[in-house]
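Let's start with one chain on its own, the form predicted on its own, as C-alpha cells.
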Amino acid sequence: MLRADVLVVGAGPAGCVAAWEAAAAAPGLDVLLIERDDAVGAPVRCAEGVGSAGLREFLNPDGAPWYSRKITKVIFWAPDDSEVRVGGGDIGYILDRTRFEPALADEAKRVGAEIWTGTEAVGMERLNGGWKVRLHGPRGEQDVLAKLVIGADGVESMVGRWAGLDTRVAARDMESCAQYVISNIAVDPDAIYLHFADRWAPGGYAWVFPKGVGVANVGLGLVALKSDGRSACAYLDAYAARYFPDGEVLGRTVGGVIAGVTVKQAVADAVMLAGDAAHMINPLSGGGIVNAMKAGRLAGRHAAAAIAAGDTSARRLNRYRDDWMALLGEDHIKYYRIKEALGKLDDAFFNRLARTVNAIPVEQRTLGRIFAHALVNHPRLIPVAARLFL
C-alpha cells in the first residue's frame, strides 16, 4: 500500500494551493495531489474572473502568460438594458485557467508535492488513524494510506460524503449555469459586464467576461425554482441571439454553482474540505476562485501543523474552519442575507436604481457614494442594508 502524509483530492485552485502550502510548511512531508482529469486546469468550468487584490496574494500577474485580459472597468446592465459604469483602475483579470491552474501546480511541485493526473479517488475508509483511499488511474487500481485527506473535489465532493459530512445543497441555493465562448462580438475588451434581469437569468445574472478583443465568456446563472422550466442553456441561447446575433460559439460549458454559505461541518477526523467542496463561494456573486485559494492556503497549513503535532482529530482540525469563518465565512453569511433581500426586489426597482446611479458623475461613482444615493432615493433598500448588521 502506498503511503502519504497528506492526500489532496482535486487539483483546482483550492487543491493546488493546499498541496503547495502543506509541502512548503513542512519540507519532507509526503504530499500527493491527485486530479481525475487528464490535465490540470482543463476542462474550464467557470467564467474565469478574479479580483486583482486576491490574486496577487498568490501569484504576480504582471507579464504572466496565464491570464487572458486585464479588467479596468465594471459595467452593469439593468433589466431595461440601461448601462451603468462603475469603477476604474486595477480591478481584476480574466484568467486562462488551462494555464493558471498548471502555474499553481508548478508551485506545489517546486516545494516537493507530487501530482498525479488522470487519477480518481473511487472510495475511502478509515484505517490506522488515517484513511485508505482507493485510486483509479494510469497506474491501475491501488490504495494509498493517508494520515490526512483534503477534499478539494468541487461541488459534488465525494470526499465529504465518504467522511460522513453533510454537503447537501438546498434547491434554492443551487444555481444552474451555462457559458459559451463567443467570438465576433462588440464589447469593451477592458470591462466585465453584469446583466440583471429576470427575463434572462431569474434569481441570478448574466455576464460577459472578455478574453480578448471581440471574444468573451458569455454566460448566465439562474435558480431553477424561479425559472419557467427551461434549462440554463435554453436561456443562454435566447440571450446570445438577442445581444450577440452575429457571434460564433467556440466552446460550451455547463455546471452548477452553490449560492449558499459554508457547510456547518467542514472537517472530520483526518479530513478537511476546501473550496467549492465546503461551499466556500461568495453567495452574492458566485465567485469562488480566490476564495478557494484562500481556503486551500488555510487547509494546507493546518494539515502540516496537525501532522507535526500528531493530532489529526476533528476537534483539532476545527481550528481550520474557525480561521475560515473569521477570514471570509462570516462575511458570506451577510452576503447570503443580502442576496435573499435583493431577491424580493423586482426588475422595475432595478431600472429605477440604475437611473439614480447614472445621475452621479462617473468619476464620483465610488461604492460608498452609490450606496448612499441609493438609500436616500430608494428606501426599499434600507432592509437590505440592515441585513449587513443582523
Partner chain sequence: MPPAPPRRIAAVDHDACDECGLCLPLCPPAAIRLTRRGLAVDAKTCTGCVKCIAPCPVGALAMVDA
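Here the structure is a predicted model, which means the values were calculated and not measured. Residue numbers count along the first chain shown, from 1.
We do not show the form predicted in complex with its partner chain, though everything after this point is about it.
- Segments offered: 194 to 202, 225 to 233, 242 to 250, 92 to 100. Contacting its partner chain in the model of the complex at heavy atom distances within 4.5 Å is 225 to 233.
- Among Val290, Met158, Ala268, Ile182, the residue placing a heavy atom within 4.5 Å of its partner chain in the model of the complex is Met158.
- Though its partner chain is absent from this view, in the model of the complex it lies within 4.5 Å of a heavy atom of just one residue from Glu330, Glu340, Asp37, Asp323, which is Asp37.
- In the model of the complex, at least one heavy atom of Thr167 sits within 4.5 Å of a heavy atom of its partner chain.
- At a distance threshold of 4.5 angstroms between non-hydrogen atoms, Trp162 is in contact with its partner chain in the model of the complex.
- Using a 4.5 angstroms threshold between heavy atoms, Glu120 counts as touching its partner chain in the model of the complex.
- Proximity of Ser176 to its partner chain in the model of the complex falls within the 4.5 Å heavy atom cutoff.
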